[in-house]
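As structure tokens, the next two blocks hold two forms of the same chain, structure 1 and structure 2.
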Structure 1
Amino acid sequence: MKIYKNIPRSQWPELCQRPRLQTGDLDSIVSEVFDKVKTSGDEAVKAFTRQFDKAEITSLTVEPKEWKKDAEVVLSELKNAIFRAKKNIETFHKAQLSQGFSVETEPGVQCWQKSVPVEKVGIYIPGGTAPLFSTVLMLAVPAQIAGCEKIVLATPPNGEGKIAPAILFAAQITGVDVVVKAGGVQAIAALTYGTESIPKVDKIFGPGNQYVTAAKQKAQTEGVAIDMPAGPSELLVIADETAHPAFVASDLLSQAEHGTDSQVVCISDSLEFLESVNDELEKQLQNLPRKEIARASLKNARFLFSSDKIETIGFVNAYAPEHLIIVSRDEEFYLKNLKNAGSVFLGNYSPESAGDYVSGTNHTLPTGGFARSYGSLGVDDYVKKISFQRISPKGIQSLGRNIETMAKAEGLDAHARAATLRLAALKNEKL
């Protein structure tokens, strides 16, 4: 472990670099798949599923019968955990519902705003070795709370053409309307254009590998919105000697086991503490099932010694971590000066994995420095805020001249006349 000591600000940009995967020519593959799905619909999605997922699919959606039966095999311990997570996620996300507001900006000028649900949303759940049912909860619960009319879940089938029971169970209890057996670029293309059996949606949510990420970018140019730019996961821990090295190491490994491109950062004002964390990392790595991934990811890790808390929080804000754990005597100072982070965990007993699963906060968060501009995913991402206004004759008589003046100064005479005509008409009317 190399420890960077009191690094000067000039070196921050380099230390804030995230690992980048080599990506080939994604754009041409994405374009090809999009074109084929657009023109051939279901047939194309099935063909790509055969090619990429090695699965032969007859129906691209999960039949209600299959859905219910398969979900039944989920063990009751897991079912209970999922129910509890759902309840807490609901509590935290219901508190985000906005009531809208109405103001009279001038006499006779009433303006208001209302949150209206995005009608059709697509949620993408990556495939792989384990079923990411927690992401179903994180993406479908806010959709349900927002009042979205149609929730379409897409996830790649396994070799037998099946979807994991835990995903079907989570989908069932969170109001998902359609489960699509397709993943990768072809799934995003199908949600973008719609096919015979897959509904077109208005916005696509969810994580994925670089192909899915590139496909979501393409979807945006085709008129479908996306949640946020996705990237490898990351965790930054600020800890002093009030923290348990074993706990911190376990949190760093939770992050490191996600993928070889994950990044973990640990900042402390104690060199001894950093050394203890390192020892703990070695110990805990020994019998970790995903130790190869975690070890590779730890090559991207940064251990920083910082004796100045102003510099510490300065670096954190420059890095803008997705997850931030703070276990420190100076917690209050850090909270006060924190500008950029996705989700923050405080104290020794708030592991990141609590927020990943059951505490109630959302685990869909900005990565790669996007925490400077994006926050945590929430109900607001499933609604749009529509503005309304009603201007009375008195209101337009009061504002009309200003509209004329400003419109003319911008060279937009038709804009001015829309006011002028109304002012003239009112002159001839008794109000």
Structure 2
Amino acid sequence: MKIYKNIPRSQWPELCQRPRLQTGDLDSIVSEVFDKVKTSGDEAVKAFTRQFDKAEITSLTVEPKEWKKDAEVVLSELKNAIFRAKKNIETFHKAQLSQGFSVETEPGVQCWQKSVPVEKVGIYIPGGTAPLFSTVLMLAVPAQIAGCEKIVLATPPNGEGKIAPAILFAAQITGVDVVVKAGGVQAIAALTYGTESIPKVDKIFGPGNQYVTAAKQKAQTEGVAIDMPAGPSELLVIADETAHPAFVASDLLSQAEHGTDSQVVCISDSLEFLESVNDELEKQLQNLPRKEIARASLKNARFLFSSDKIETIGFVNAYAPEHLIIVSRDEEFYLKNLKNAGSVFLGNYSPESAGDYVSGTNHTLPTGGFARSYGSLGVDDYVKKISFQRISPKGIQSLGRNIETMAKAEGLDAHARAATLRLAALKNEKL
């Protein structure tokens, strides 16, 4: 692994670049799929599933009998782990619930706010090389807690047109209403427009590859909201000699095995430590079933030597990682100065995979530098904050002249008149 040493800031933009797969004309592919799904509905979704996923399906949704039967085959040990993860995710996300508030901004002017759930949500669960049943928990549990009326899950089928049993089991225990056997751009398009079998939703959640991310951005232009740009996985580790090289290497590989477009970065103030991590990577890589994917991903990796902790945290904030692990004697300094990260793991015994599965935090996080403007997925993403106000006669008498003055200054006379008429009516009442 090449080690970059004390990199000047002029090189940071280059080192912050994420890998890009060769996708051809991504936007035109997304537009074509959206257009066909919009006009041809179910048939278009089936055709694209045949083309992209090599799966022939007769029904786009999982029948209740099939759902129950397939979910039952999940081994007890895995079911118990899923239940435990669900409990911890519920605990963490229930703490996020807002009770709203009410405040009198001045006498006669009462303002308040309350949270109202998004009615219909679509949750996208990546399939491909690793069906992510854990993502069902991360997306459906906060939707349940928020009180969303309908949860529609979409995920790619396997070659036999089936959905992974663990995904169906997780969906069963988290209140999912509909499971759609479709993935990729066609699934996002179906959730955006609705088809004969697939309900249209108000907001789409979930990570995916570059096609899915582009499709979600297209959905926004069609009036359907999305959670965040959540693309290929990434991890940045700050570690000094207090860290265990084997632990750090295992964390780097846990992200590298997601896909060939994943990226991992390790920063240390010790060249010897970085060499040790590199040796561990080679050693552990040999035993991974997904070693070819991980090895291809490691071609995108960055190993940085930085002897200046101010420069280190500066680079971290510039990179804005999805996942950040800090194992350092200077932990307090890094936490105090950290500005941009999706989810943070502290110390030798906090593997990133704990957050992926069972600690309770959400693993749906901003990638590609979007941690500069987005945060971790949570209950707030499933609700709308509606504001209310009630103004008494005394209140409008107090505010009225200010409304008139400000509206006229902006050239909006009708705005001013809405206050003027009320002031005049109150004056006449007194007479």
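As the structure is a computational prediction, the values presented were derived from the model and not from experiment. Here, rigid core means the biggest group of C-alpha atoms that superpose within 1.5 Å across both forms. Here, residue number means position along structure 1's sequence, counting from 1.
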**Asked** Given structures 1 and 2, which represents the form predicted on its own?
**Response** 2
**Item:** Core superposition between the two structures, C-alpha change of Ser276 at least 2 Å
**Value:** no
**Asked** Rigid core fitted, then: does Asn158 show a CA shift of 2 angstroms or greater between the two structures?
**Response** yes
**Message:** Quick check: Leu324 between the two structures - does its CA shift reach 2 Å or more after fitting the rigid core?
**Reply:** no
**Prompt:** By how many angstrom is the CA atom of Gly184 displaced between the two structures after fitting on the core?
**Reply:** 2.4
